[in-house]
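Given next are two forms of a protein chain, the same chain in both, each as structure tokens and marked structure 1 or structure 2.
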Structure 1
């Protein structure tokens, strides 16, 4: 099965939520309808979810639900306007554990003299930090990724993208494509990781709430 998907059974086992909670959250629009993906398996039809996105969303629901009704929580989770207007100082970013101090020191020169980082700049820093912390990417590759995102992500303004991190014969490339995408590479290319803007946004919501 696609490693980017998680089955309903695996999701319930991993998160500890119940079948009833999952479908109540769906009815209340805390979890979008199109995240419920029906697929044929050898046992019949099963439901799957985009793995990183649903795990981040459930984490956010559990951590944000105290003091809010489900309707209020649905509004909060779907509200992108407050995120888009986010501006954080370097001290805020580190104290809220959005990215590490090391990542900020090496790749934080994005503000052009401004005192705060915009939401778009936070996404760049968070993406770099995410792959560095996974151990899959070197500092030299992180420099290339940061440069790629600075030069390319703005071209996707208002649209979702997927990031492909690939290597061929020791040479690293980063490719951004409109989401949803499914690129096909030749036999000599190894896909190291694939990240979607939707997954990154969902994870950032939890850290910025």
Structure 2
């Protein structure tokens, strides 16, 4: 049997979800139809899935399903998993106009010796570049943001987050909160920008495809 395929039964054992959940998610288009691979085995027909992708997707669904309806989730998930495996080199990033050359030169040293940027690193670069190019953030602040994201974004483990960029009396802070979130500040605080991972992914997706 193929190593990178997983049978339906094994999948349910491994993830602890039930048949009902699996079918419900399929109906809601959380799991694409073409991941269901039918094969005949000695017990009759069995359904198989591509192992890595389905496990990642189910992990995502379980993590994200609190606070979101299944329909919202479906929009969010549609084709994110294929992006997670993308890796781009510095030249690619610049030539595709995803991140500006300047940002890349200054903050592009995320990869330790490797030539390609992973998707998570791309998100960080893109976020920094987005705020820099909008003129709302200075270079020093960008430094801080890049550092914050590198250190903390991984802690969300694939869950969606919101980034709050606030200033008070000339002092800048970045706040990362699990989305959907609603923060209330005191009067002296000015909310410069609010970005959500979902939006960033959407934009990035547009640029990559």
Partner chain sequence: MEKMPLSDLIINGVSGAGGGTYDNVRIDGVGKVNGAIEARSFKGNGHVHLNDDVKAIEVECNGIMNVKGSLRFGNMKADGLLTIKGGLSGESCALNGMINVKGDCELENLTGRGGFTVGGLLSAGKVEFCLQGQSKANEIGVESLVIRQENKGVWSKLWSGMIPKLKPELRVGIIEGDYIDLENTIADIVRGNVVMIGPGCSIGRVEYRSKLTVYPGVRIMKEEKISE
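Residue numbers count along the first chain shown, from 1. What you are looking at is a predicted structure, and each value in this text was computed from that prediction instead of being measured. C-alpha atoms forming the largest set that superposes within 1.5 Å between two forms make up the rigid core.
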Properly assigned, the form predicted together with its partner chain goes with structure 2
Does residue 12 move its CA by 2 angstroms or more between structures 1 and 2 when the core is aligned?
-> yes
Can you give the C-alpha shift of residue 52 between structures 1 and 2 in Å, rounded to one decimal, after superposing the rigid core?
-> 30.7
